[in-house]
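There is one chain below, alone, in structure tokens, taken in the form predicted alone.
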């Protein structure tokens, strides 16, 4: 058994409704991808340590991560999550309602690049798991929204360009994403306001602490 497989085998089984959501997402193309189990466990641990009162998520998908965050934060924690695709957002809203977190989680439909400009600041945690190629563009505003002492968690930062992509347009698109992610990592790892570490969980996750 490889090291990563062994680590994943140590992760406890998920509670409902997260277990069912993961099973559905893995077998149905209708549903958007969700974070892998090792990333979910890392996120859960970070939430328990930091106990954020206000969270911003970019990239709701079907609501898995938002529900995970709601289950592992204080009762009065507020979670705002942004999803650009209306049909996917509607699935997330239904899943959140079924999980009983509709009063704790607010789904905002639309482009994150627009929405973050009118949001009020004061977030203790930001979880970016949306359009990977736009992370670098979101960063300046995200840092304005994030409290000093807050945590920025960025998913899929080690995303790799597939070597066997046959479609030239798609190959170019993925190459561009990889280049933008590398630029993003260089910026957050050297930013004067951030202390950052990068882990190999999932397709790579960066954890950044906002300094005073």
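Worth saying up front: this structure is predicted, and the values here are computed from it rather than measured. Residue numbers count along the first chain shown, from 1.
Separately, the form predicted together with a small molecule exists; it is not shown, and the next lines address it.
Judged against the small molecule in the model of the complex with a 4.5 angstroms heavy atom cut-off, the residues 64, 85 and 127 are in contact without exception. Taking 90, 137, 111, 102 one by one, only a single residue has any non-hydrogen atom within 4.5 Å of the small molecule in the model of the complex, and it is 111. At least one heavy atom of residue 34 is located within 4.5 Å of the small molecule in the model of the complex. The small molecule is not shown here, and in the model of the complex it never comes within 4.5 Å of any heavy atom of residue 150. The small molecule is not shown here, but in the model of the complex it comes within 4.5 Å of a heavy atom of residue 59. In the model of the complex, the small molecule sits beyond 4.5 Å of every heavy atom of residue 119.
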